[in-house]
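The form predicted alone is given below as one chain in structure tokens.
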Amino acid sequence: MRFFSSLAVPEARALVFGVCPNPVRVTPHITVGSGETIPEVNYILPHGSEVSASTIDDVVTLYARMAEGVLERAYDLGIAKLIIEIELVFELTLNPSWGARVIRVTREAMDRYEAKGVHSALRTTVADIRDRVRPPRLRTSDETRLVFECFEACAADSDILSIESTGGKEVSDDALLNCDIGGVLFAMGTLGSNDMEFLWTKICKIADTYGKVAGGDAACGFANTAMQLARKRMLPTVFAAMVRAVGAARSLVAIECGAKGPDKDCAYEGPVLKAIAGIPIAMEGKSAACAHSSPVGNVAMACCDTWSNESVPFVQLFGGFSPEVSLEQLWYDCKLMNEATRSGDAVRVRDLLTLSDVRTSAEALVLAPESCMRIAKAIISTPDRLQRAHRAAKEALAIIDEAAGEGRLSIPEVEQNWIGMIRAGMDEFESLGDGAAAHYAKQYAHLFVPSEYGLT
């Protein structure tokens, strides 16, 4: 495995949308991170759709229709490059041949429009179904076998392979609800990172076998869960911001195993990964309001290389069907970023996107380019996975403290009491020293199986 001990992006000024030190060629016509930002559209079946043996033919037909609609809109608007992401739902991963049929019809539509000058790439995101039983059997279950079978079945017709893995989530969920930073660090720094190594070593091997790009993972099940809990005032926003930083330490493992990017759109920790490894990143923000609300709609755009809508269910709108409308919205954002790059104003636009969010949200503040550079430096300061999770969280808290102290960030009054609890949790973790992992493993022993994380 590769270990990063220096940053690929040397300074915050160079951490900007559309360009990265290590662009990735995903098709003969599409290289991500080489100077332009590319729309990445993601769509899904209408809410309540049944995916079963009796409906799979209709499901495949609808996916073909959605791809055709998106590509026709691209043709009409003159969009020369786009990425289509298909996130396979649970049933399409549980039955790999079904998932492969969806990917095949999407590829067929893309090939037809390639001849019309619409160049597209296909990202296949396999669902992590390994936690169907609790505690999860992440390495030894039938679900684990099916996840890899699904990657194999879909790889030939895909360009980019991704997953939103959930190793450690069974502990993280409990720790989040108790605002236990030590538990979160153990869940993501030890359990999640160990699982990432197991998973991504195999995914990268499959990608290499088929000549495809191993894209990347996301801490979606951890940091985005924290973000949504904070939005519902079930968790302090400061805590959610710290979890975001920890997510970067965890997601880095995929790159250490060989993933090249672009990583997953819901990996808001992407700018930190870009700073460390120089990979292109996918991001989502205001254009993903169709999928979920967030306090980071503009700052998320600051460093993206592909710009995504997260996922939109297929519905009819005045402007057409929702996937086509989402693509058009993404495209206009990309046109603005690309024009800013051409005119030499990219950093100015990036800074405006950043400043418009960071004064009112700790979660946005930790995604500012300068913050990401600091968190990236903290992560690479040690090869120990648990310790780099801890250092990421500690740096995020320092960034928030400084901004609040200087009047650059407003923290809700209701959170003030919680911040003391968070500091106490950090102090407890640090006092445990080398015994921290054993301490939290014992505390959360009822939730996970050590051997499924290589801990026995």
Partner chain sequence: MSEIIERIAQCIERGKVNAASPYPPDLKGQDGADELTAAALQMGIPPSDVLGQGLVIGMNAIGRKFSENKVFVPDLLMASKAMQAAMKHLKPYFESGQAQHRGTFIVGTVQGDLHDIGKNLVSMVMEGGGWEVIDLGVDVNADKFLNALKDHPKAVVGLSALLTTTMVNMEKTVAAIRQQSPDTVVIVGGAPLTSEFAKKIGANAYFPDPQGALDYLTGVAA
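Note that the structure is predicted; figures quoted are calculated from it, not measured. Positions refer to the first chain, counted from 1.
Not on display, but discussed next: the form predicted in complex with the partner chain.
Chemist: Contact between residue 316 and the partner chain in the predicted bound form at 4.5 Å, heavy atoms?
Modeler: So residue 316 does not count as contacting the partner chain.
Chemist: Test of understanding: in the predicted bound form, would residue 140 fall inside 4.5 Å of the partner chain by heavy atoms?
Modeler: Heavy-atom contact with the partner chain at 4.5 Å: absent for residue 140.
Chemist: Does residue 85 make contact with the partner chain in the predicted bound form, using a 4.5 Å heavy atom cut-off?
Modeler: Although the partner chain is absent here, residue 85 would stay clear of it in the predicted bound form, with no heavy atoms inside 4.5 Å.
Chemist: Considering non-hydrogen atoms and a 4.5 Å limit, does the partner chain approach residue 49 in the predicted bound form?
Modeler: Residue-level check for residue 49: yes, a contact with the partner chain.
Chemist: By the heavy atom within 4.5 Å rule, which residue out of 356, 178, 97, 343 makes contact with the partner chain in the predicted bound form?
Modeler: That would be 178.
Chemist: Counting non-hydrogen atoms within 4.5 angstroms of the partner chain in the predicted bound form, say which of 368, 147, 153, 229 makes the cut.
Modeler: None of the others qualify; the residue that does is 229.
Chemist: Heavy atoms within 4.5 Å of the partner chain in the predicted bound form: which of the stretches 407-415, 393-401, 30-38, 65-73 has them?
Modeler: Of the stretches listed, the one contacting the partner is 407-415.
Chemist: Can you tell me which bits of 228-244 touch the partner chain in the predicted bound form, meaning any heavy atom within 4.5 Å?
Modeler: Stretch hits, in order: 229, 232, 233, 234, 235, 236.
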